[in-house]
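There is one chain below, alone, in structure tokens, taken in the form predicted alone.
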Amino acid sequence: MSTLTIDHVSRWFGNVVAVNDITMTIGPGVTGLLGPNGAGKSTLINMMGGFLAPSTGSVTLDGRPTWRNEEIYQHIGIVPEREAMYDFLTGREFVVANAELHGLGDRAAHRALATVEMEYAQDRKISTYSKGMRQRVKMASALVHDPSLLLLDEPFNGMDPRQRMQLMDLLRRMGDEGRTVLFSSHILEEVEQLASHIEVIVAGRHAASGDFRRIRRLMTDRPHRYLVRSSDDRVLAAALIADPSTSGIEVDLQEGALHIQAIDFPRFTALLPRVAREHGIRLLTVSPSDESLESVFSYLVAA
């Protein structure tokens, strides 16, 4: 198992600050690095992988610096976002070349290609590959030495739905095995489906860390939205709207539900069951309607 530690890391290019004083710890399991395009995700991953020196701060893998430390590449597998590859090689030749850098041979390359289901195209030139195929052969190259840490920069780019599901299953399995897997994405669905933990980067700053549902619940200064179905929606709505914890209620006759906006989360969560009990109303459904990662992300970007 590997632990990656980013300690007060900043990186600037001339007058442009790409990463600004970020501190985080990435441990075993699958972590999603989430942020809009241009947020600094690729710069941060390049520093994690030892390709870029921090302007200030430090990046260490199990206590060892990643910058100018060739030994860490025995433990790290990297899939960069950039598409530039050795197009004149076949997929198998590309993966074998990386295997040989690690003192391995054809057997390790064959295993890695089978893991990403690229055996059928291994003898074709990379120049003939689709974008999704290129992503998978890069993944095979990253896995050839069985690393304990995987750094993946937008790994699902160009993949069709079947390829995406296959890679997601693979990454989940690796996380369950105790490997440390970090992947970046600006696609909210990818992170929500795969990551057990998220790190959010906005404009080069560390905006949030943890489980996205827990993050949303901690944001008590912002409205929370709920879908509620009950045995008497009208009476329940009248009772709730009278309380200052509730800023708005919409009665949806077609759906047979209430859409409630609460501005005081702790007070509302105590109020709802009490009001229902006092009026003899049965609560049939109470579910948050804004706890998707998309909702959390939009709040964090706007903050």
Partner chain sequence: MYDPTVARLTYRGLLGRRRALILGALPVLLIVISVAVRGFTGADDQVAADVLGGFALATMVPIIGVIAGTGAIGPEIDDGSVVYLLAKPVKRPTIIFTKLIVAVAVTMAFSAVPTFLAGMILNGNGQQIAVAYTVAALVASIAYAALFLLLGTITRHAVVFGLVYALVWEALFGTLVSGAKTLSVQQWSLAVGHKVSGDLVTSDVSLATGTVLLVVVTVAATWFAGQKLRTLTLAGEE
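In this text the structure is predicted, and so the values were computed from the model without any measurement. Residue numbers count along the first chain shown, from 1.
Heads up, the form predicted together with the partner chain isn't pictured, but that's what we're talking about next.
Do residue 42 and the partner chain come within 4.5 Å of each other in the predicted bound form, heavy atoms counted?
Residue-level check for residue 42: yes, a contact with the partner chain.
**Asked** Taking heavy atoms and a 4.5 Å cut-off, does residue 176 contact the partner chain in the predicted bound form?
**Response** No, residue 176 is distant from the partner.
Open item on the list: With a cut-off of 4.5 Å between heavy atoms, is residue 78 one of the residues that contacts the partner chain in the predicted bound form?
Closed with: Output for residue 78 is yes: heavy atoms within 4.5 Å of the partner chain.
Notebook entry, point to check: According to a 4.5 angstroms non-hydrogen atom cut-off, is residue 246 in contact with the partner chain in the predicted bound form?
Noted result: Although the partner chain is absent here, residue 246 would stay clear of it in the predicted bound form, with no heavy atoms inside 4.5 Å.
**Message:** Looking at 238-246, 51-59, 23-31, 267-275, which stretch has residues with any non-hydrogen atom within 4.5 Å of the partner chain in the predicted bound form?
**Reply:** Only one stretch passes the 4.5 Å heavy-atom test: 51-59.
Checklist entry - Which of these residues, 193, 128, 231, 74, gets a heavy atom within 4.5 Å of the partner chain in the predicted bound form? => result Here the answer is residue option 74.
Selected contact from 114, 165, 101, 203, since only one has a non-hydrogen atom within 4.5 angstroms of the partner chain in the predicted bound form | Among 114, 165, 101, 203, a heavy atom within 4.5 Å of the partner chain in the predicted bound form occurs only for 101.
Within 4.5 Å of the partner chain in the predicted bound form, do 3, 65 and 108 each have at least one heavy atom? Per the other structure, none of 3, 65 and 108 touch the partner chain.
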